[in-house]
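Below you will find one chain, with nothing else, as structure tokens; this is the form predicted on its own, and questions on how it binds or moves follow later.
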Amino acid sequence: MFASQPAVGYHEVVIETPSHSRHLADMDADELAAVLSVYRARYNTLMAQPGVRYVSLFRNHGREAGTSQPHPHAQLIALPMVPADVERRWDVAARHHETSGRCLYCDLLAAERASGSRCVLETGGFAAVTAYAPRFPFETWILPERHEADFGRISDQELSALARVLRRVLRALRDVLGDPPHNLVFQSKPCQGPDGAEAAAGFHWHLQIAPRTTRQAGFEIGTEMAIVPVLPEQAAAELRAALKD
């Protein structure tokens, strides 16, 4: 009835810049790539620790998104279990691969390209798309073209390309929404489990950017459904119009 276990694991803070107010969008591509390389290094170190089942890598920006310290930083929390939502996402990917023989997220990326209506940017081996069923207006996903379940296996060349895409998307979100509070979350694989090979074949690491321009209230809490007042197709069009080099 009341299951529990000791609170064990690791929590690290990555201080991204000595400048107290430097936005990721204001970094040049090389500077942002260096920050991403630190993310990768700490992620891989924590994934290798005994007893760790999952590493959550995320960045909060703004008070409404959960920031308690305004100096630019990201966080990693290594857990001794796989969170239920991560496990569900992993299982769905495994079932899709079992029935189709293909990666769920590769299929998603192909479908978004074919439609084009939610595509924000494609360049350097990455695509940015607005989420089809977002939890927040302008929720945007960045997906690598190369199939890989583990963010920790991203190459240096891909890190540089990701930095360029992320910088442009963040700048577009800021221009359209006025520097909104947002959460930046890396969705990656758990530590390998018994069915890891099948799930890894169907899963694809990706980056979610969730602007917190609306609040969850009673309906959302009671139903776990989101009320989103902006169509993802409209959001994508506005972000495309705001893109800068």
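Please read these numbers as outputs of a predicted model, since none were measured by experiment. So that there is no doubt, residue numbering starts at 1 and follows the sequence shown.
Another form exists, predicted in complex with another copy of the chain; not displayed. Remarks below refer to it.
Heavy atoms within 4.5 Å of another copy of the chain in the predicted bound form map, among the stretches 161-169, 92-100, 148-156, 132-140, onto 132-140 alone. Using a 4.5 angstroms threshold between heavy atoms, residue 29 stays clear of another copy of the chain in the predicted bound form. Another copy of the chain in the predicted bound form is not approached by residue 179, whose heavy atoms all lie more than 4.5 angstroms from it. The shortest heavy atom separation between residue 39 and another copy of the chain in the predicted bound form exceeds 4.5 Å. Remark: residue 106 does not count among the residues lining another copy of the chain in the predicted bound form, judged by a heavy atom distance of 4.5 Å or less. Within 4.5 angstroms of another copy of the chain in the predicted bound form, the stretch 60-74 places a non-hydrogen atom from each of 60, 63, 64, 65, 66, taken in sequence order.
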